[in-house]
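Given as structure tokens, the chain that follows is alone and in the form predicted alone.
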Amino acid sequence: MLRIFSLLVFSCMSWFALAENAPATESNTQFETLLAQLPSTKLSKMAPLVDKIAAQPSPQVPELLQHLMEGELYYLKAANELVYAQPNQQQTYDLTSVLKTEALAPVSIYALKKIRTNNRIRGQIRDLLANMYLSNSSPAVRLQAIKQLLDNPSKTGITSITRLIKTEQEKEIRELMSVVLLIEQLEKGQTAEKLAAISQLEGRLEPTVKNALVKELKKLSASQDLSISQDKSELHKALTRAIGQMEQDGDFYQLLDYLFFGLSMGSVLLLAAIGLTITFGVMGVINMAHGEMMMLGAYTTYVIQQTFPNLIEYSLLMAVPAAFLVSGLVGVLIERGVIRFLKGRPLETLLATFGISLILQQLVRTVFSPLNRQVEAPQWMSGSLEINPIFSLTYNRLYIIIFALMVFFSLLMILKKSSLGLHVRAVSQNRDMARALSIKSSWVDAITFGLGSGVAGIAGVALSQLTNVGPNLGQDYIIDSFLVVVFGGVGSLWGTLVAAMTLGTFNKFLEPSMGPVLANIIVLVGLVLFIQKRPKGLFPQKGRSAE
């Protein structure tokens, strides 16, 4: 009896399970049947078939249509199986089965045949995908879809937006939907509707909006005659006013963009020069190998990424202390091995450090080869912070500005608040008096040189995120570093900060109109004239330290 009861329960559960899965199985079968028709369907009958495929509830539909639109949908001639195919470096094609969603063995192009499309079908697919993405549950997907529609509006997309805007919950997406509809109203509406659209579009910053306004103004100007109507005159004034407002806003954000890039360039100069100003200010040493300290820091970042390839996201956090130690230790070795024997002879010191820089460059060429190395950027440094449609802050430059300021204030605290800073200031102001007070000036020199070199190594970590790492990396920044030190005032940290930000920003404002070479020449000439008036820079040392 119990066995019969169990059998009945199992039968009922199986029936319910079959009943529940029946629609899914049926829809999958229908989807596979439609896909099977793709290889044999003529181009003239492809559009209805694409509509039927798009109507299927399968989650594979968007990916399939995307590949079809991009010309990556093929079928294997031998097995008549649909595959996604992409060319590889071996002159063959990497394959992924559409239905099994698994990778297949690469084949030559002769084993494949592409599913044909034309511009009309690609446009149709684009509209279908826009509809799917606009109805997607993810706000990010909907936002991306509405941005694409804003750039390339279509009739189907406009219809979908008109239907969906009432139920859209996200404010940003709803506003962009409204912009798309207003542009449509501006292009196809009556004069009163156009005026209403212009009043609502005024103040928007999307380039598409400006293009639509300019297009409408040109169309209106072309159709004007001597007896222009009052409505057209108002429309002309409204268009001109809206375009003028957009250009004014665009100029303002363009200035902010220049300022941001100038500050980021100034931050790089600050990191590059701040170590130099310490060694120059305390020891009076013109360190021509300072650029190579930055190079060592950049190569340390590269080595860490090669050693820990699975920890790219944390590589920079590991590289900062490692680069400081590597460059700092090399700096201490240079001071102990060469500089201290040339104390008081600036010309010999300059030549010696120049020779060391050549040795370090050749050493790096021997170990890593003369070719540039690529340092990978972590994911958290990629992308940008979008303030509005025409102004965004790239994360790598934003982090470099923050990092440079952190290094600056940390160094300022060390020199102002620590015993090491007290000894450094004492030696820099009066070496003999400091020695009379039992301060070991020779060790202070070594630690100061190591500290300056270590900060240069940190600058190399930041530079590895902006440019390729190579043996000549330091040479590109050594001249600018000296300019910053001279402009700001030798030995002045605040002077270095102001000089780096000023030169970086001034250069970026000049570059768009004069080009990078002429901008550098103008900055250099201006600096020479400035030094003629103030030989000790913006922030000259005062008191005994000035002697």
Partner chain sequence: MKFKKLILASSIVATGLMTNLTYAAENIKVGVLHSLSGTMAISETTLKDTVLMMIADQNAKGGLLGKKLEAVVVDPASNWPLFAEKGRELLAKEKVDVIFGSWTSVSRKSVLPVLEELNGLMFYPVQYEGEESSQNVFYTGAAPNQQAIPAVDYLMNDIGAERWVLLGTDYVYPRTTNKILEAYLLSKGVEAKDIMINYTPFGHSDWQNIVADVKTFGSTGKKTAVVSTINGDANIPFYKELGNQGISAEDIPVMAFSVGEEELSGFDTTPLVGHLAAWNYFQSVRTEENDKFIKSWKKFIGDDERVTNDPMEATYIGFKMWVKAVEKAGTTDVDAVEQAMIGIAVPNLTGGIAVMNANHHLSKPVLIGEIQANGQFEVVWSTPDTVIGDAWSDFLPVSKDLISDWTAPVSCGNFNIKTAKCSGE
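For the two forms, the rigid core is made up of the largest set of C-alpha atoms that agree within 1.5 Å on superposition. Residue numbers count along the first chain shown, from 1. Just so it is clear, the model here is predicted, and its values are computed rather than measured.
What follows is about the form predicted together with its partner chain, which we do not show.
(request) Examine N119 and determine whether its closest non-hydrogen atom to its partner chain in the model of the complex is within 4.5 angstroms. (result) Taking the distances in the model of the complex, the answer for N119 is yes, it comes within 4.5 Å of its partner chain.
(request) Give a yes or no for K237: in the model of the complex, does one of its heavy atoms lie within 4.5 Å of a heavy atom belonging to its partner chain? (result) Outside the cut-off, so no.
(message) Please determine whether F368 contacts its partner chain in the model of the complex, using a 4.5 Å cut-off between heavy atoms.
(response) Because no heavy atom of F368 falls inside 4.5 Å of its partner chain in the model of the complex, the answer is no.
(message) I'd like to check something about P512: if you look in the model of the complex, is any of its heavy atoms closer than or equal to 4.5 Å to a heavy atom of its partner chain?
(response) Yes, contact at 4.5 Å.
(message) Give me the residue from T96, T156, T394, Q429 that has a heavy atom within 4.5 Å of its partner chain in the model of the complex.
(response) The option sitting close enough to the partner is T394.
(message) Just to be sure I understand the contacts: of T92, Q185, Q305, Q465, which is the one whose heavy atoms reach within 4.5 angstroms of its partner chain in the model of the complex?
(response) Among T92, Q185, Q305, Q465, a heavy atom within 4.5 Å of its partner chain in the model of the complex occurs only for Q465.
(request) Specify the contacting stretch among 433-441, 156-164, 369-377, 310-318, defined as having any heavy atom within 4.5 Å of its partner chain in the model of the complex. (result) The contacting stretch here is 369-377.
(message) Since the partner isn't included here, can you check whether its partner chain sits close to all of Y110, Y477 and K508 in the model of the complex (heavy atom within 4.5 Å for each)?
(response) Yes, because Y110, Y477 and K508 each have a heavy atom that approaches its partner chain to within 4.5 Å in the model of the complex.
(request) Check each residue of 39-73 against its partner chain in the model of the complex and list those with a heavy atom within 4.5 Å, in sequence order. (result) Just L43.
(request) Spell out whether the Cα of I478 moves at least 2 Å between this form and the one not shown when the two forms are superposed on their rigid core. (result) No: I478 shifts by under 2 Å between this form and the one not shown.
(message) Taking the rigid core as the reference frame, tell me whether L73 has a CA displacement of 2 angstroms or more between this form and the one not shown.
(response) Comparing the forms between this form and the one not shown, which are aligned on their rigid core, L73 does shift its C-alpha by 2 Å or more.
(request) Compare the CA separation of A212 and E70 in the model of the complex with the one in the displayed structure, and answer closer or farther (the difference is at least 3 Å). (result) Farther: A212 and E70 separate by 3 Å or more in the model of the complex.
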